[in-house]
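Take a look at this single chain in structure tokens; it is the form predicted alone.
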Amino acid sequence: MAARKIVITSGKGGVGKTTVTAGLGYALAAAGFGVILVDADVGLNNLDVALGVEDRKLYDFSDILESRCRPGQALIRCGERDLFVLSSGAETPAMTAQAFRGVIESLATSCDFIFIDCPAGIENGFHRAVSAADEAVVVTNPAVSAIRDADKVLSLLTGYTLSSVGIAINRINGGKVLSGEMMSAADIARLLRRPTLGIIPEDAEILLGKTPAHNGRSEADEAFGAFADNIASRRARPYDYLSAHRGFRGFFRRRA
């Protein structure tokens, strides 16, 4: 069976799309799935950096298109799990939408999931990435500007033949939601009118550029695990990001 090809996009830069892609990839690989993460941000790629494997890169996407290597040779294994990343490389005339789709299709028989980390904005790179996917996840956060941009991207995605489109809400703070300082995930979902596949709480480790280790010890690990389960099962059961902020312990956590 061919891999499910899912583009992770946002429209607006800075919402944590690449970190979400990396965290989701780790969680699915930890669950036993074969996962390939493709960096589609040509020239500004940093997915391999987020995964901590940038020093192991021998080839990238542009090398494949210029026939300097085969697609499988450009994949970088991330740890001992069945998780790989393909760096984008430099811009080249050979990087057409058709060629991009061809490489993605050639990899689709070797794994369960291919996630395409889409570049920010809605220019050629966006359309090239989306054209290679069958499904889409739009990442946003509680900022009004991010929600507005996510809405614009969702409108653009209606022009593509995608079997499913959902949203992931990143950097949400349960304490601020309960105190009325931040919009809730439910409010964002109502505004965007799409199923919520992932809710990732604000996490100091992630803000410092660290990808969750998925050992089940942190709130981010649990959130990415729930996100991965939704993707794998094609469900939309949002993670309860408010539970850690309720009750006696939650009271002192909010005041900290």
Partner chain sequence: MENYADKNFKRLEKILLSDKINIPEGFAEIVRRDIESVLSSYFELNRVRLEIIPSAAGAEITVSADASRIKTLSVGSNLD
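Since the structure is predicted, the reported quantities are computational estimates derived from the model, not experimental observations. Numbering follows the first chain given and starts at 1.
Only in words, not in the display: the form predicted in complex with the partner chain, which the text now covers.
The shortest heavy atom separation between residue 164 and the partner chain in the predicted bound form exceeds 4.5 Å.
In the predicted bound form, residue 179 approaches the partner chain with a heavy atom inside 4.5 Å. At a distance threshold of 4.5 angstroms between non-hydrogen atoms, residue 151 is in contact with the partner chain in the predicted bound form. The partner chain in the predicted bound form is not approached by residue 66, whose heavy atoms all lie more than 4.5 angstroms from it.
This chain appears without its partner; in the predicted bound form, the one residue of 108, 147, 75, 78 with a heavy atom within 4.5 Å of the partner chain is 147. Note on the partner interface in the predicted bound form: the residue among 191, 49, 31, 58 having a heavy atom within 4.5 angstroms of the partner chain is 191. Contact with the partner chain in the predicted bound form, defined as any heavy atom within 4.5 Å, is confined among 82-90, 96-104, 182-190, 123-131 to 182-190.
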